[in-house]
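Have a look below at one chain only, the form predicted alone, in structure tokens format.
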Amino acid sequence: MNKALRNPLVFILFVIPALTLFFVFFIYPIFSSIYYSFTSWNGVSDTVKYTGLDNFKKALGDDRFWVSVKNNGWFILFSVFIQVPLIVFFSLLIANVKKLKGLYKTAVFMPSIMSTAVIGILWGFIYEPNIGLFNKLLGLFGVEPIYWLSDERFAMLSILITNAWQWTGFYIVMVLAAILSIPSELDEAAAIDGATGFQRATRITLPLIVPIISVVIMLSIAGAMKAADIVIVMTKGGPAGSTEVMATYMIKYAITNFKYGYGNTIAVLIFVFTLVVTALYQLLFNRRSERIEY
């Protein structure tokens, strides 16, 4: 067996299937999308017309496209500055629970395994103007009914809250695992020295889980850039395109409007923007994360 593993041919035979799948499902779609982004094609006919940079000029000069870019930006900002702090806060709370910790972990994780369609319909009832939970609660304080999903002022916020509710539990489980891996001796020693719970959380636990928080932020940014399903289920990009994101904008052109070439242009721009955002994050913040050794 060892002799066989030292044979380069054996390694090649093991690597070829993985490389084949990587090429077919990752490399080929990227280059195919780049190719069609320079064309005018409806995705059906035999005629594929080369148009150079026309699609890119059209996209970059399209106000609705920039609205979708801005909405993806809202997804990122909401995830990083509101969702992630809540994730850390609830993780610290659950980590210090003495009883029924498993129940709490299951409860917060449950939305992450539910279908986005189910969550969209469920929150659609919560946002319903006449019988929805939010408006019923606001009505107790004399607030007039708010049309959460059909009012341009509130539609994007409603989607951001729903999306955060769906994925917060998934990240809580990740952060919780990091917190529970910290040796209890550190916390006990600090408690003996008179440190309060808040001091132990901010000066011991948080610094030690910075690497996993960095991963959570990275995953949140990636998720924000590909957000589409929750928007399609809840508003389909409306009202008046106010909740459109880049992915739904691409789908509308590539599939609904039979402008496959232009849709691929949007896909390429999503790819480029995602690379830029993740590269900036890695450059500015993630390089400061150090490996933690206990």
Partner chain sequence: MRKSITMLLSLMFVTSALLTACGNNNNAGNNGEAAATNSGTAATNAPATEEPVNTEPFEMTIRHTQVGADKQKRLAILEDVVGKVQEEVPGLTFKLDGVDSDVNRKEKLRGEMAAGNPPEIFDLFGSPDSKIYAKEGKLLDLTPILEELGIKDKFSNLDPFTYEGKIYGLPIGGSGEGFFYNKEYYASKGWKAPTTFAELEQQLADIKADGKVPMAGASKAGWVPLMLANHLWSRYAGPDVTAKFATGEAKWNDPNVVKGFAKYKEWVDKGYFKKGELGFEYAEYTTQFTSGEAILMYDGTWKSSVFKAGQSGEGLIGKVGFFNIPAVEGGVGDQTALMRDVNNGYGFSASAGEDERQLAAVKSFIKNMYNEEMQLRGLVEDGVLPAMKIDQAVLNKNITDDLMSEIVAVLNSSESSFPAFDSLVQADVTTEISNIQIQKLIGGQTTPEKMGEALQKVQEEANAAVE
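Positions refer to the first chain, counted from 1. Just so we're clear, the structure is a prediction, and the values are computed from it rather than from any experiment.
Not pictured, yet referred to below: the form predicted together with the partner chain.
Engineer: Please name which of the stretches 23-31, 264-272, 240-248, 221-229 has residues with heavy atoms lying within 4.5 Å of the partner chain in the predicted bound form.
Structural biologist: That would be 240-248.
Engineer: Is the gap between Asn55 and the partner chain in the predicted bound form 4.5 Å or less for some heavy atom pair?
Structural biologist: The answer is no: Asn55 has no heavy atom within 4.5 Å of the partner chain.
Engineer: Could you tell me if Thr235 has a non-hydrogen atom within 4.5 Å of the partner chain in the predicted bound form?
Structural biologist: It does: once the partner chain is placed as it appears in the predicted bound form, Thr235 has a heavy atom within 4.5 Å of it.
Engineer: Is Asn130 one of the residues lying within 4.5 Å of the partner chain in the predicted bound form, judged by heavy atom distances?
Structural biologist: Looking in the predicted bound form, residue contacts with the partner chain include Asn130, since a heavy atom lies within 4.5 Å.
Engineer: Lys70 versus the partner chain, in the predicted bound form: is there a non-hydrogen atom within 4.5 Å?
Structural biologist: Flag for Lys70 set to no.
Engineer: Which one of Tyr50, Trp66, Phe258, Tyr35 is close to the partner chain in the predicted bound form, taking close to mean a heavy atom within 4.5 Å?
Structural biologist: Here the answer is residue option Phe258.
Engineer: Output the sequence-ordered list of residues from 17-45 with at least one heavy atom within 4.5 Å of the partner chain in the predicted bound form.
Structural biologist: Those in contact are Asn42, Gly43, Val44, Ser45.
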